[in-house]
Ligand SMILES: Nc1ncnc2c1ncn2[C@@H]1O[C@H](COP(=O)(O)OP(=O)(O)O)[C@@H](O)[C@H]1O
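Only one chain is included here, represented as structure tokens and corresponding to the form predicted on its own.
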């Protein structure tokens, strides 16, 4: 069985040890301190949260995923579903259903996963002012058992037209939940900064900040080697260095590449650098439809900028070298293309550098020689 896990929440033996971060998160949860957890995509933020909660054992989780939340109705219903899911094992769920009767909630079993699924009447639209009563439900749960509320991809609340009102209403209730630790996780730093570090924001300095960066390389390498050793496979340092370089030190992407290597190697095999192109081709074969879907929506200028970034990096995209590489004379045109590529979530900007959201898409562009 392939021991490398990616694209999902992992814990226990599949969680690469991050002792200092775990200690901090556990300590803040115990003291009911609100936490802001920031990190780039696929750095393991959500897994860190759930591993800390697993170790604490007694806390129940109200987990709200706000990825691509569309409007206030969507926001409210996601919170409601998370609350009901937390209470579905007790008689309290029935009371919650009655209190939400106008939304006509129904509980069913997903035929594929076998997990309970809650649906709400789509014709009933909730407004931001519903947030207060919904958070009162969370306060009621806390009177019976210890809970932690997790808002994942919290920065996407800024997608709402009435985001300021929604944030203000959330904050007005959360500040009175002194015994409930709220965890706000986000992967787009400038937006999270707007929420938690701008003086005009209702969430200004309302949570202790924890940064989730790359895993300590020595610890991660030991973890990866131990996974390969489960199949009596051995992997040397130059290969691991190349894996880290291609995956740009992103833990989830490193594990994805290691997973592909596992699948094309055999018991007791010695893994050398020649295996990397084969593993990448396996990833490309699985993801090429998504890559091609990206290309379809790009203009010629946007594609030229992407290829240029893949070839020479994104530290100086307005330099003469970059302008010559992409064949676009006007820096304003390049800047416009880069802004659009960020909006499409193909690129993101970190510490002044433009980077690919998916490093394997970057290497695929080079592989295709576009």
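This is a predicted model, so every value here is computed, not measured. Residue numbers count along the first chain shown, from 1.
One more form of this protein, predicted in complex with this ligand, exists but is not displayed; see below.
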Quick one: from 215, 141, 79, 120, grab the residue that has a heavy atom within 4.5 Å of this ligand in the predicted complex. 215
Verify the contact flag for residue 6: yes if a non-hydrogen atom of it lies within 4.5 Å of a non-hydrogen atom of this ligand in the predicted complex, no if not. yes
Even though the partner isn't displayed, in the predicted complex is residue 196 close enough to this ligand, meaning a heavy atom within 4.5 Å? no
Would residue 231 show up as a contact with this ligand in the predicted complex if we use heavy atoms at 4.5 Å? no
This ligand contact in the predicted complex: residue 10, any heavy atom under 4.5 Å: yes
Heavy atom contact within 4.5 Å of this ligand in the predicted complex, the stretch among 171-179, 286-294, 247-255, 128-136: 247-255
Contact check, 37-64 vs this ligand in the predicted complex, heavy atom within 4.5 Å, ordered by sequence, gives 40, 41, 42, 43, 44, 45, 46, 47
